[in-house]
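Starting off, we have a lone chain in the form predicted on its own, written out as structure tokens.
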Amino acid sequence: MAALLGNLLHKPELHFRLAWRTPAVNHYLLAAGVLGAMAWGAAMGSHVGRAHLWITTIKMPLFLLLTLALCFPLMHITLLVGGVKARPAQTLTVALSGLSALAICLGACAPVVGLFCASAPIPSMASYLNLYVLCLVCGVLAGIAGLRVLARGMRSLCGGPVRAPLIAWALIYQFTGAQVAWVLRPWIGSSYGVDGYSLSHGLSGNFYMGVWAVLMRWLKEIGA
């Protein structure tokens, strides 16, 4: 497992050469990704604590895998339209590799984020903003690692330029993932005083309307 993760993060070319010969690699990728996502979810849940801790620990891997399941058909078709002759199993391996790299990097950031989450006062708009920014920075860094692995996986399949399908995959996953995260909310801070999850609450509105509402509230708080 350690060698597999080392190749995934440091030498993706070796990782994919092994993955094409050994389909069972997908199982290790899935396990590593789930563990990394659970660690990140636990870190975010430590801000509020109580039931929120285990709820976000479960929701984070669920969020990543549910988003992948929703996006997978379109991601595979995008590869085919882009001239990459990939079988569905190969597309899944590439997608899981990128997703696992992202989740593992998030899991590595979890102890630091957990420290700040656990020590941030609630309720506090300033602490929410700081934690959102910290999580955004960690997410961008982990996302870059995941995109690097995705690019090497696509290149391993087609041996040529992969910019167009890579950008398409990133946009598809981001757009869908934002709404899945909205449906599965609350995340940091928004569950203060709430120990459960309401499906009707999750299905109300959408991510982009929510971001706009939060932005307007912050501007009002600072008197802008």
Partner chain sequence: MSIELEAIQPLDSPPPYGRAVAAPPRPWFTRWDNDRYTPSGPLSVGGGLLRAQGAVARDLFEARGLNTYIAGCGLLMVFASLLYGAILGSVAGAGQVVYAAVKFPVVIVGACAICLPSFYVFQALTGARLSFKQAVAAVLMLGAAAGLILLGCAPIAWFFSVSTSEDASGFLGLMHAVVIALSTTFGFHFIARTHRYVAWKHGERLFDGRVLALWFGLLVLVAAQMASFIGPLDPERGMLETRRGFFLSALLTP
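Because the structure is a prediction, the values reported are computed rather than measured. Residue numbers count along the first chain shown, from 1.
Only in words, not in the display: the form predicted together with its partner chain, which the text now covers.
*Asks:* To verify the annotation, which of these, 77, 136, 126, 144, has a non-hydrogen atom within 4.5 Å of its partner chain in the predicted bound form?
*Replies:* Contact residue from the list: 77.
*Asks:* Only one of 166, 53, 172, 65 comes within 4.5 Å of its partner chain in the predicted bound form by heavy atoms, so just point that one out.
*Replies:* Flagged contact: 172.
*Asks:* Do residue 95 and its partner chain come within 4.5 Å of each other in the predicted bound form, heavy atoms counted?
*Replies:* Output for residue 95 is no: heavy atoms all beyond 4.5 Å of its partner chain.
*Asks:* Residue-level contact is defined here as any heavy atom of the residue lying within 4.5 Å of its partner chain in the predicted bound form; does residue 81 satisfy this criterion?
*Replies:* Residue 81 belongs to the contact set for its partner chain.
*Asks:* Considering only heavy atoms, tell me if residue 22 and its partner chain come within 4.5 Å of each other in the predicted bound form.
*Replies:* Residue 22: no, not in contact with its partner chain in the predicted bound form.
*Asks:* My question is simply whether residue 71 lines the interface with its partner chain in the predicted bound form - judged by any non-hydrogen atom within 4.5 Å.
*Replies:* Because a heavy atom of residue 71 falls inside 4.5 Å of its partner chain in the predicted bound form, the answer is yes.
*Asks:* Counting any heavy atom within 4.5 Å as contact, can you tell me which stretch out of 54 to 62, 23 to 31, 175 to 183, 38 to 46 lines its partner chain in the predicted bound form?
*Replies:* This holds for exactly one stretch, 175 to 183.
*Asks:* Enumerate the residues of 29 to 50 that have a non-hydrogen atom within 4.5 Å of its partner chain in the predicted bound form, in sequence order, or give none.
*Replies:* If the 4.5 Å heavy-atom criterion is applied to its partner chain in the predicted bound form, 29 to 50 yields nothing.
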